[in-house]
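What follows is a single chain, given as structure tokens, in the form predicted on its own.
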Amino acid sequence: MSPLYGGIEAGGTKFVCAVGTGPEDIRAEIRFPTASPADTIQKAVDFFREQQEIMRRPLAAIGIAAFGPLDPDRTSPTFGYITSTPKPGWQNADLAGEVARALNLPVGFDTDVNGAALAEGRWGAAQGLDTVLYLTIGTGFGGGGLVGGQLMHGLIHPEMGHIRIPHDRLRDPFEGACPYHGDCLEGLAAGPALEKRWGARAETLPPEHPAWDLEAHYLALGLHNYICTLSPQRIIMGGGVMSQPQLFPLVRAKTAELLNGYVQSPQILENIDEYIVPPALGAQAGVLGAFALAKDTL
């Protein structure tokens, strides 16, 4: 009998908790808004306790794919903590530790984007590849992935949304929305930046709105830097902002234009539609990433 895992996709606006083993075996799932750490963690713990009783089987491990910044280093005294997040009340919250103590289970812990990259590598758009980039553009801008088949870590974890990119203030006088860096990539291209710049939520802007050409320009600048730095074999882009169908063709075209033939790879020169892609696992990539983290922690 295969071990059962618990997965938590811990987002800044909502938590998704599930029990299962993979994309074809999600046995129970719950979603609820992200409130205070104490209330939110308790809801997650209650769900897993209830599911173990219903299924009359213990879980083998819990995986948490969380918003950040966070501490993924198991040798660190603050492993499992959400650290310098701008989300009120969550600074220095011991997310993984609270879950582990309450359920008496091993816990795998990483960023939501690293988790999603792991899931896409195991079951989705990155199968068979060992160097992959996963980006999510929504209420924030996160990036993670695999290099040589291993999740990206170092001092902490990648913070790809906070790179500096050219900002033409004549074309776009918007100051930026990042509370730490102003006009970093997240500050110019994440959902809150779109809403503050244009005075409307991104999903309400029509396809022909100038917002999308500017958005694609900023995203392509970021992709240019990531491609030249990490040389990923594929780039997967998810999140609410990327749900706009007109955005992928614009981003692909502008990325190829910026690279200008310098990176001599058929994936970019001939098959860019298969190089910059949406997640194959769709909205389940995060919670499936949590399953993969749970499995790997054993």
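So that there is no doubt, residue numbering starts at 1 and follows the sequence shown. Just so you know, these numbers come straight off a predicted model, no measurement behind them.
What follows is about the form predicted together with another copy of the chain, which we do not show.
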- Message: Let me test this: is every residue among Leu205, Phe248 and Ile272 within 4.5 Å of another copy of the chain in the model of the complex, going by heavy atom positions?
- Response: no
- Message: Considering non-hydrogen atoms and a 4.5 Å limit, which listed residue (Gln42, Ser265, Ser243, Ser36) is close to another copy of the chain in the model of the complex?
- Response: Ser265
- Of these, Gly148, Gly199, Gly128, Pro88, which has a heavy atom no more than 4.5 Å from another copy of the chain in the model of the complex? Gly148
- Tell me which of 207-215, 109-117, 93-101, 163-171 has residues with heavy atoms within 4.5 angstroms of another copy of the chain in the model of the complex? 163-171
- Evaluate Gln233 for contact with another copy of the chain in the model of the complex, applying a 4.5 angstroms cut-off between non-hydrogen atoms, and reply yes or no. yes
- Please run the contact check for Ser84 against another copy of the chain in the model of the complex: heavy atoms, 4.5 angstroms, yes or no? yes
- Message: Even though the partner isn't displayed, in the model of the complex is Phe79 close enough to another copy of the chain, meaning a heavy atom within 4.5 Å?
- Response: no
- Task: Report whether the minimum heavy atom distance between Arg122 and another copy of the chain in the model of the complex is within 4.5 Å.
- Result: no
- Message: If you apply a 4.5 angstroms heavy atom cut-off, which residues in 151-171 are near another copy of the chain in the model of the complex?
- Response: Met152, His153, Gly154, Leu155, Ile156, His157, Pro158, Glu159, Met160, His162, Ile163, Arg164, Ile165, Pro166
